[in-house]
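Next up: a single chain in structure tokens, the form predicted alone.
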């Protein structure tokens, strides 16, 4: 039996993703269509943006680090998000947090996360020669530090403010303001355009740092640019819906498993389509099938955590 070609696999995934989107839009739809379609359409738009950002950023990060266990979350983006939310509620109170325009909260979170991560990358690559191992180690240390500081402030705020803060800590794929969706679409689109001309160089990076340099790849420049794009994508998706730790790990490793090639031109869209299928179909089943109002991120993180443990036991290096 001949193996499937990458194009055939991508077409199959695209068909499943399209079916998931149609299912989400029409399943158990009640009431006027002129209300249902725009309402569900905004949710679907947000799910698609998050799926693309999380899956693509994870594949890119694993390429430059050379390890399929690592995800951008290892750099402490989730801890930074929690710290920003906790600091605002601690300083101004839960009522001020709720009354602040969603656009301002989104832009504030995204700018802070992109700015700090960019400064970290520039400092490490400027002073320490671009050591990825040091980058990961510093990210872990910063993550622990930020979580500890956030935990301290959470114990000092009053219970009412803590309830508001807890609601912001979990990823929510519910209705998102159209302005936020438009801003996120533009930013993620520009970040994706930056990656397109780098796809051949990313394929070479899979061979390792020394072979890539020997084949003419400017390793420092390419890795710095990719990490900048990763920071933007993770920051935007986290600011949009909240932290999602292991979902990218799940989508990326499923893409590696089913794709008959390691070329990024095939793996990146495969991971994105798998993420779309997981998010959209999962949200459709939970929300419209079972009528549950629970967070889809809880189930996703559970499945992703199991995949992480399996990869850790098997060994995640290429």
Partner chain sequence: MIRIAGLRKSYGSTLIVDDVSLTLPAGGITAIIGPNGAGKSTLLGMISRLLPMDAGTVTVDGLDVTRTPSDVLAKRLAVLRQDNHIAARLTVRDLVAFGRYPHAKGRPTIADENKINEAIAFLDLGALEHRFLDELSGGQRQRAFVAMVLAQDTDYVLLDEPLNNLDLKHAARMMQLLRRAARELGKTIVIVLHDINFASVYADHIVCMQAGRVAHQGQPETIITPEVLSLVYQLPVRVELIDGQRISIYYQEDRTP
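Nothing here was measured: the structure is a model prediction, and the numbers come from that model. Positions refer to the first chain, counted from 1.
Another form exists, predicted together with the partner chain; not displayed. Remarks below refer to it.
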Within 4.5 Å of the partner chain in the predicted bound form, all of 34, 41 and 185 (non-hydrogen atom): no
Residue stretch of 277-285, 247-255, 44-52, 260-268 approaching the partner chain in the predicted bound form, non-hydrogen atom distance within 4.5 Å: 260-268
The single option of 206, 100, 120, 153 touching the partner chain in the predicted bound form, heavy atom within 4.5 Å: 206
The unique member of 210, 166, 179, 158 whose heavy atoms fall within 4.5 Å of the partner chain in the predicted bound form: 210
Contact of residue 85 with the partner chain in the predicted bound form (heavy atom, 4.5 Å): no
The partner chain contact in the predicted bound form: residue 191, any heavy atom under 4.5 Å: no
Exercise: residue 217 in contact with the partner chain in the predicted bound form, heavy atom 4.5 Å: yes
Partner proximity in the predicted bound form: residue 115 to the partner chain, non-hydrogen atom cutoff 4.5 Å: no
